[in-house]
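Have a look below at one chain only, the form predicted on its own, in C-alpha cells format.
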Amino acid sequence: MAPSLESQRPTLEDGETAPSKVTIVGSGNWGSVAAKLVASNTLKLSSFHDEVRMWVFEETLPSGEKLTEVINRTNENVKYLPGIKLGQNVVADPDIEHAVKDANMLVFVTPHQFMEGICKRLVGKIREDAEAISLIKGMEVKTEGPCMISTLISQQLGINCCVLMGANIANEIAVEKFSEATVGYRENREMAQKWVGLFGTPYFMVSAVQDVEGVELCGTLKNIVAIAAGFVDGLEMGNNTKAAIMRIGLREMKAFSKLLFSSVRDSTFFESCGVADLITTCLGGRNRKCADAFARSGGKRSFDELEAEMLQGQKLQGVSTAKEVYEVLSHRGWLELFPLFTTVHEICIGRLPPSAIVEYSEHTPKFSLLDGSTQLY
C-alpha cells in the first residue's frame, strides 16, 4: 500500500510541515509575471521556501549571452518582460529536470502546444507529493476527444492539477495595475486556498471556485472570440458589432463547455476567468491585435507571419485553439450549433474572407440557454 501524501512530505523536527518549494515551468511574458507574483509572496509567507525556480527555454540573445545568465544577473527577463524586476529570489534554470527536482508546487505556464512534450520529459522526475497549477490557455485534441491541459498534466504526471485563469494581460499586472484571477479546483479546497495565497497580492486579487473545467474552458475559448473581435476591429465595423460578437461568443463558450462537461457551473462565467477575461482579451490581447492586422490585410498575410512580426517570440493561442475546437465540432456534428467558432476557423485558414465574421448571424444556433442548461433541439 502506497504511503499517504502526508507521510511523504518532509517535516521539521517539531512536526511542522516543511516550507513548500515552488517552480515555475515557463518563462515567457505571463510566466515571468507569474514568477514576480509568486516570488513576492514566498518571501513574506513562512509556509514557502524563499527561492523560486523558473525553467527557461534557453535562448542566445543578440548580444551573444544566454537568456538565463542575463535573467540571473539582472533579475529581469530582458526578452519577454523587459524593464520589470522579477525579485532577487527568482532563479532562472535552463535544465527543466533540475528546476523541478525539489519542488512540491509546480506552476505550468507555457504555450499549450508544448505541454505534452514537457510532461513526457517530466515523468518520473518530480516529487510524489507535488501539486500543480496550470495557467495555460488551450486544449489538446486527441482521437478520443478533447483533453484539457490540467487533465493532461494530471494523467501524465500522476498529480493533482488546479487552474488559474482571469482577465490577466501580463504587462498590466507586471506594473502592478489592479487585476483579478480565478483558481479552479476539483475537491481539495485547502490546496486551492494555498494557491490563492501564493498568487494573491494587493493588486492581484484571486478567488477560488470548484470548477476546473469551467475555469479552464473560459480561459481557452475566449481566445477564439478575441480573434473574431480583432476581425471586427480590422474591418472597422464599430463597437456595436464588437459587442454583439462578444455576447454571441460568450454564449458559445458557455454552450460548448456545458456540452463537453455537465459539471461546468453557470456562475463560473461571471468570475474573472469568464466574462472579465473575455472583455479584456477582446479589447487588448495579442489575439485581437493579430486578427486586426489579418483583417486589414484582407486575409493576405498569414497568422504565422503576423505572429513572428508582432509578438516578439510570444505565441498566438486563438488560431490553434479555433482549429482544435473546430475538430471537436466537426467530429461530433456540432458545427451548425456554433457558427461563431466555426466561422473564425474558416476565416483563419482562408476558406472565408474576414467580412464573413458577421454574415453567419443569419443562421440561428440550435440551442437554448433559457433554463440555465444547454438543450439541443
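Just count from 1 along the sequence shown to find any residue number. None of the values given here were measured: they were computed from a predicted structure. Here the rigid core means the biggest group of C-alpha atoms that line up within 1.5 Å when the two forms are laid on top of each other.
FYI, the form predicted in complex with a further copy of the same chain isn't displayed, but the following is about it.
Among heavy atoms of F199, none comes within 4.5 Å of a further copy of the same chain in the predicted complex. G238 belongs to the set of residues with a heavy atom inside 4.5 Å of a further copy of the same chain in the predicted complex. Of the heavy atoms in A18, none are within 4.5 Å of a further copy of the same chain in the predicted complex. With a 4.5 Å cutoff on heavy atoms, V90 does not count as touching a further copy of the same chain in the predicted complex; it lies far away.
Note on the partner interface in the predicted complex: the residue among M105, A167, L221, L135 having a heavy atom within 4.5 angstroms of a further copy of the same chain is A167. The listed set M191, L259, I248, I159 contains one residue whose heavy atoms approach a further copy of the same chain in the predicted complex to within 4.5 Å, identified as I248. Of the stretches 268-276, 126-134, 105-113, 298-306, only 268-276 has residues with a heavy atom within 4.5 Å of a further copy of the same chain in the predicted complex.
With respect to a further copy of the same chain in the predicted complex, the three residues E172, A243 and V358 uniformly fall within 4.5 angstroms at the level of their nearest heavy atom. Residues are counted as partner-facing when one of their heavy atoms sits within 4.5 Å of a further copy of the same chain in the predicted complex; in 177-204 these are K177, F178, S179, E180, P202, in sequence order.
Taking 2 Å as the criterion, L340 counts as shifted between this form and the one not shown: its C-alpha moves by at least this amount when the rigid core is aligned. Once the cores line up, the CA of G249 ends up 2 angstroms or more apart between this form and the one not shown. Taking 2 Å as the criterion, G124 does not count as shifted between this form and the one not shown: its C-alpha moves by less than this amount when the rigid core is aligned.
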